[in-house]
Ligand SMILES: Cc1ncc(COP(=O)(O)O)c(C=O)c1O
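Consider the single chain below, provided in structure tokens and representing the form predicted alone.
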């Protein structure tokens, strides 16, 4: 076992979520190197750990939030950080990208003159009544074929409704600042981006024909692929495509935003778990560990993530099951882990690339509190 990991286990116990901030910085630099025109608005929903916000902000990132609590988590930090400079950052640092917001949230964020997304007529009426200071971004429905998590069955205005919605917003006294889309999380079908950018360009032109020429923002969402395995298409190739299409379709005065979440943090975290039980059931070894799908492995359920396990101990391998500690039979992480068959209670397992949609959606089911987060290279 790695000496550093051994020291961390001795100090903090398990389950242990090791978050590497140097990797987060490297991921951010990779994103900016290949998409220099695009301003990064990190999507907090992927992992809202405060240290991530602080690391990315210092690198130059803005933030994508989906709730009042996320909004205030970012805003309070920015306010503290910028108090010395006597500056206020809202639009250039935060976008509220949840297209459906409750009335109380809108009333609370009105004072900050936020940038918010919408995709339907009822949302326009709600924003006009409760948050008339907001700048609006119209979210479009675009293809998300082949993405790990599709989003456009729940969000996004049909292309035919786009200009009428922009018109309605303006007639309600609101200003539509631009357009947005999301091709689905972990998008490996790059055609989705090409088609989405073409759709957005068409709406920009149509809006200007109708006199709505103040739109200056384009939010291309998230979905940028994380290299979970050797079969994942390379982000660098996608970046070339996006850059080429943006240059071809949009004038230089259009500001380009993006909402990477998974891309920034997925590869930046590892999890160490402890085997707390072992049994052979119907011929298969079951390893019971002190973390599960109700906790750090929640991505198995909510994100269609395929978990990976490595053992520190060597031995003959066979296909094993790895299951969580709760009393629920649903708490099965995987039934097909290739692991040594000689592991014992007290041995440790190691899981990589678990930084996104893991601790963010962990619960306290059965009284288990989930993994302790430890920051390295801050």
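Just so it is clear, the model here is predicted, and its values are computed rather than measured. Positions refer to the first chain, counted from 1.
Missing here is the form predicted in complex with the named molecule; even so, the following discussion is about that form.
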Listed residue that, although the named molecule is not shown, lies within 4.5 Å of it in the predicted bound form (heavy atoms), from 261, 114, 178, 292: 261
Per-stretch contact check against the named molecule in the predicted bound form, the hit in 271-279, 248-256, 216-224, 123-131 (non-hydrogen atom, 4.5 angstroms): 216-224
Contact of residue 101 with the named molecule in the predicted bound form (heavy atom, 4.5 Å): no
Contact test in the predicted bound form: residue 56 vs the named molecule, heavy atoms, 4.5 Å: no
Contact of residue 296 with the named molecule in the predicted bound form (heavy atom, 4.5 Å): no
Contact flag, residue 17 vs the named molecule in the predicted bound form, heavy atom cut 4.5 Å: no
Contacts with the named molecule in the predicted bound form - residues in 30-58 whose heavy atoms fall within 4.5 Å: 43, 45
